[in-house]
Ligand SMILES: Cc1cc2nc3c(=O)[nH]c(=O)nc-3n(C[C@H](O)[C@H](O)[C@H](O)COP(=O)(O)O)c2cc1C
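First, one chain by itself in structure tokens, the form predicted on its own.
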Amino acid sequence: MASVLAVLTSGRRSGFTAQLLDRAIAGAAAVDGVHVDLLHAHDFNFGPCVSCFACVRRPQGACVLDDDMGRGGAGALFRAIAGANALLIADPVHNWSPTATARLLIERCYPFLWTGALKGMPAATLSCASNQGMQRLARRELCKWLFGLRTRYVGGLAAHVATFERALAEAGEIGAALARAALEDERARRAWDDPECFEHYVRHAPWDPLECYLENLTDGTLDAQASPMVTARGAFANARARELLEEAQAGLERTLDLYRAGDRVAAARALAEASAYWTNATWLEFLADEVIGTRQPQAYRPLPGRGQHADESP
């Protein structure tokens, strides 16, 4: 049986957000072959990541912190996420954004980056606001964080209590769609590479990586020559890292050409490859020896078309 993990990150167990989650759970449970587990994040003990990098050095060892997202992968909340076929996060809007609890939950999924265990996992979100709202902004933030984990974003609700009845119906539909995706995941998780992931978010998600990455990689200019790949080249002493910078820069220029031509999908796929070269270059130069003290884990951003990293033999 496929498992949908529904996590409520609100401290109010019967508030508007909880009611939306109940309706989504009902929609999911109505799909044959699907079981829904409801967890309240506030019932679990877990704090912020402490940047010890133990999970990077020993990816299969997971987090070493003694809490419900740690204990070497034995923490109850960590195990629940690892064992699910789909993830649903229901979150109220706080200060025009997702809650600190939702951010904390996703931050502590950091170990999954190094194993790739969540790549392609179906995920959905419910954001519920009152007063001034900003529910759409909150939904985009949650979507962005789930992109970082490389989950497959199935859908998201940006709800305001002023239109709550309509939101309840939409929540049920999202729950059912997520359940159907969970059934597919149970048969075989379709883990994807970065170009596929980037394309999916550009096509189907409320947040896509294209403008954000291009702004970041060009220092807000959309000019390839303003990229740190050019302006900070002298900071790279590692010869292999400098080679990778050249690949990354060429990829960025291709991406910008496609972006200006209006081909967002092709630009997103080119960007995924360029950013992988940039990741490998910066890891080699700044992280491998001085900060983390290990090679990139196999699942994390291998070089395009090679399935390996810059510090590995062909």
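One rule holds for the numbers: they count along the sequence shown, beginning at 1. Values in this document were obtained by computation on a predicted structure and should not be read as measured data.
The same protein also exists as the form predicted together with the ligand; that form is not shown, yet it is the one meant from here on.
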Subject >> Residue contact check: residue 15 to the ligand in the predicted complex, 4.5 Å heavy atom >> reply: yes
Original post:
Taking heavy atoms and a 4.5 Å cut-off, does residue 244 contact the ligand in the predicted complex?
Top reply: no
Original post:
So in the predicted complex, does any heavy atom of residue 218 sit within 4.5 Å of the ligand?
Top reply: no
Original post:
Heavy atoms within 4.5 Å of the ligand in the predicted complex: does residue 94 have any?
Top reply: yes
Original post:
So which of 112 to 120, 75 to 83, 125 to 133, 226 to 234 is the stretch with heavy atoms within 4.5 Å of the ligand in the predicted complex?
Top reply: 125 to 133
